[in-house]
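So this first bit is one chain, no partners, the form predicted alone, shown in structure tokens.
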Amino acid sequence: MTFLRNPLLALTCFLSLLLGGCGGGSSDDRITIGVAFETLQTEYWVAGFDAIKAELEKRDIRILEAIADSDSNRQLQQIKTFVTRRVDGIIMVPKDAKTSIPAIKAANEAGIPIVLFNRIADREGVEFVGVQADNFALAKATVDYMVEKARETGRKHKAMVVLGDMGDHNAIGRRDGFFAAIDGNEDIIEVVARVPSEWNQEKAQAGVVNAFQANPDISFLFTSSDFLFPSIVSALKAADKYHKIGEPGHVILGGFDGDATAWQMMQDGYLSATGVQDVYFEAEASVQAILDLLEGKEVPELIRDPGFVIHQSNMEAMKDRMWGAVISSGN
């Protein structure tokens, strides 16, 4: 992908970069980037927001901030405000794959390069660079490890998967990765519960409670986000299913994100594995993509964060790369 729709603006910004920045309509000559997040509801989004700000500060780039509080109309107005203020680039976390399209289109029509951080949108007549974890591969690798642990028990396990918002490409990739790992392992894993959460704590907790009432012998659980662990743990405790690895009644647990709660659960001996999104890689890649677009360089439409799986066998070696562990340590 080149600099979207305005070659003249690209040339102007490239020349301005050589002189110190595009200006962004500001009183100084630094580049200005608008950062628009759909929400700061989870630790991951807070960590991502902070990592992007740190990356921009490191490069002496001005930042305009906007949080939409899960309101797509508000996010559209925020992007239009960025356009009015003549920012040089936009990094955005869209609310979902569909409702964010008008906001992306507004940036396109203004010739402003836009990068979608961690969550991408449909490409329905709009152009953007996506920086996103490989949700499918990372979820599959996490559940592969869980299946291996299940095999070591020598018995068959009934499984539950807690799904995310199916309007979110991330949630779809994680769901598909889960089932890809289960495929071919039906001799050891039987999926008996698919719990919708729509990224909502209360809905997740109610769904997990109901799943255990219907299948009290569930012993294998994967959640599409570590963000939901507080609700899941509450439901596990209510069903007397929250036991450490190796203890009678232990449910093999796996997650996705790599937050501080997951790290604590891993240290305490309850969590087998979680797929970690590399928030620092994604922040750096997002900022670099904007700068490359401003210079007229070719940038791929999708930049993949491979992430990694942290588990009980490698946690000490990998903890310095896990953003949730870094936050917990106060570094």
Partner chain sequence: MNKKLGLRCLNNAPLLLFATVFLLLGLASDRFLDWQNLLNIGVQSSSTAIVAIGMTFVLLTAGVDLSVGGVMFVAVAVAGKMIYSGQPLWLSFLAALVVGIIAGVINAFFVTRMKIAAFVVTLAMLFFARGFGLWFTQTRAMNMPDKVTAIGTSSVLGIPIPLLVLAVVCIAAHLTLSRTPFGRQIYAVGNNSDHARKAGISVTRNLFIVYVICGACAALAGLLALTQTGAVSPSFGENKEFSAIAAAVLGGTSLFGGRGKILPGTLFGAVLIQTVENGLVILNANPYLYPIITSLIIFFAILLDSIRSRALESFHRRPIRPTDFQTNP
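What you see is a predicted model; the values in this text were computed from it and never measured. Residue numbers count along the first chain shown, from 1.
Only in words, not in the display: the form predicted together with the partner chain, which the text now covers.
K.L.:
Answer with yes or no whether Thr153 is in contact with the partner chain in the predicted complex, where contact means some heavy atom within 4.5 Å.
P.N.:
Thr153: no contact with the partner chain in the predicted complex.
K.L.:
Taking heavy atoms and a 4.5 Å cut-off, does Leu40 contact the partner chain in the predicted complex?
P.N.:
Result yes; Leu40 sits at the interface with the partner chain in the predicted complex.
K.L.:
Answer for Glu202 alone: is it within 4.5 Å of the partner chain in the predicted complex, judged on heavy atom distances?
P.N.:
Glu202: yes, in contact with the partner chain in the predicted complex.
K.L.:
Hey, in the predicted complex, does Pro196 get a heavy atom within 4.5 angstroms of the partner chain?
P.N.:
Pro196: yes, in contact with the partner chain in the predicted complex.
K.L.:
So the partner chain isn't shown here. In the predicted complex, which residue out of Ala238, Ala137, Ala180, Ile245 has a non-hydrogen atom within 4.5 Å of it?
P.N.:
Selected residue: Ala238.
K.L.:
Could you work out which of Phe227, Phe128, Phe220, Tyr145 is the residue within 4.5 angstroms of the partner chain in the predicted complex, going by heavy atoms?
P.N.:
Among Phe227, Phe128, Phe220, Tyr145, a heavy atom within 4.5 Å of the partner chain in the predicted complex occurs only for Phe227.
K.L.:
Verify the flagged residues Gln267, Val309 and Ser329 against the partner chain in the predicted complex: is each one within 4.5 Å by a non-hydrogen atom?
P.N.:
Contact check failed for every one of Gln267, Val309 and Ser329.
K.L.:
Just one of 204 to 212, 248 to 256, 137 to 145, 180 to 188 has heavy atoms within 4.5 Å of the partner chain in the predicted complex; which?
P.N.:
Within 4.5 Å of the partner lies stretch 204 to 212.
K.L.:
Taking the partner chain as it sits in the predicted complex, which residues of 240 to 268 have a non-hydrogen atom within 4.5 Å of it? Please list them.
P.N.:
The one in contact is Thr261.
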